[in-house]
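What follows is one chain in structure tokens, specifically the form predicted alone.
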């Protein structure tokens, strides 16, 4: 394994290339490629990689980039791409199609604010707008977690018990363009970790079939139920992928989430992506002063890990959810999911804080203000817009 100072985009491009190359003894790989800030360097890296059996196909739009991945995956190849913001929105029709076709495509979503007005900085509104597509969704907080999760994404997507596409989401610029020291896998390690891609319903000239034809209501209902069952199997498949990852690479990545200092805490903060790193530093400082505060770093969003969330939070006095996203007329999206999950539990205060929209800085001062506000609350209130009200 090589240790290297590298950007998030560079790391993502590297690992996608290694994963594609690992399928060279089967039906190879394919990337539908269209650049968009802040994802562009991923596509540039892949365009420069010499695949033994694979192609990067430049197209005229994000919609076509996913169409290429759909075609390649239907042909049995290992398929992947990357996009951001309005590119994801333009791709949306084919994002839904890929999920309903049960194709194990892996996509890196470099989170960027949807426009207009145009904003190139990070929030999660782009990928979370696709939360009802049949895609597994991961949110990562560091460069190393990005690398490890991309590899596990292929294992999960291509597992016959799942056979669904996977989206790995990272903060634009905060991760995509900054450098950190990362352990990058060698090709032989990736070869050992990733089985060759086998798609049972791939097109085959010896068995002609129609894809995407008309389905009657009962057939559609049955197919949606099968997708739900596949989603429900994801946590168990992820646990297997983590164990096998440890055998090959010598470390065990986080699973559906990480819970830190939670067992003895009365107050818990839930965060995702890079905000979780800032929250962790603040909590560690406040614990030195004797405060019983814990952190849940949310990683798996679809399927939503209700059992794990409930086990971590069911008896806590106060819980804050920090959302770098917003569903107009409702509030933060992670908060909505957690509120539904904790129905009937003993949490006294479950408070949503909308922070960092449009790439606003979520500094230690912001996190400290949120915790100070939370510990004074006796009841929950409407979502708090921290940057607006502070």
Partner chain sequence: MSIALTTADQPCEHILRAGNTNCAGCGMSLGLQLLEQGLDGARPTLAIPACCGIVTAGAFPTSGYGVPVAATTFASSAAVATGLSTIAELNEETEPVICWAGDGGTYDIGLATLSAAAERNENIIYICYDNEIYGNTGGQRSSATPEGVRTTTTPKGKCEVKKDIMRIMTAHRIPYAATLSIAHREDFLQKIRTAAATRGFRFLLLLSPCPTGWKSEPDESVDLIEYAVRCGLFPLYEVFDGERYRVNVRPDGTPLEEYTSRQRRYTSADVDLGHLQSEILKQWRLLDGLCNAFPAEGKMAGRAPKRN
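Numbering follows the first chain given and starts at 1. This structure is a prediction, so every number in the text was calculated from the model and none was measured.
There is another form of the same protein, the form predicted together with its partner chain; it is not shown, and what comes next is about it.
With its partner chain left out of view, the stretch that reaches within 4.5 Å of it through heavy atoms in the model of the complex is, among 316-324, 222-230, 291-299, 185-193, 222-230.
Of the residues 338, 30, 43, 354, just one reaches its partner chain in the model of the complex with a heavy atom at 4.5 Å or closer; this is 30. Among the residues 86, 267, 94, 144, the one placing a heavy atom within 4.5 Å of its partner chain in the model of the complex is 94.
Relative to its partner chain in the model of the complex, residues 54, 63 and 214 are all within 4.5 Å by at least one heavy atom.
Contact annotation: residue 75 falls within 4.5 Å of its partner chain in the model of the complex, judged by heavy atom distances.
Put simply, residue 345 is far from its partner chain in the model of the complex: not one heavy atom of it is within 4.5 Å. Its partner chain in the model of the complex is not approached by residue 251, whose heavy atoms all lie more than 4.5 angstroms from it.
With a 4.5 Å cutoff on heavy atoms, residue 68 counts as touching its partner chain in the model of the complex.
Along 97-121, a non-hydrogen atom within 4.5 Å of its partner chain in the model of the complex is carried by 97, 100, 101, 102, in order along the sequence.
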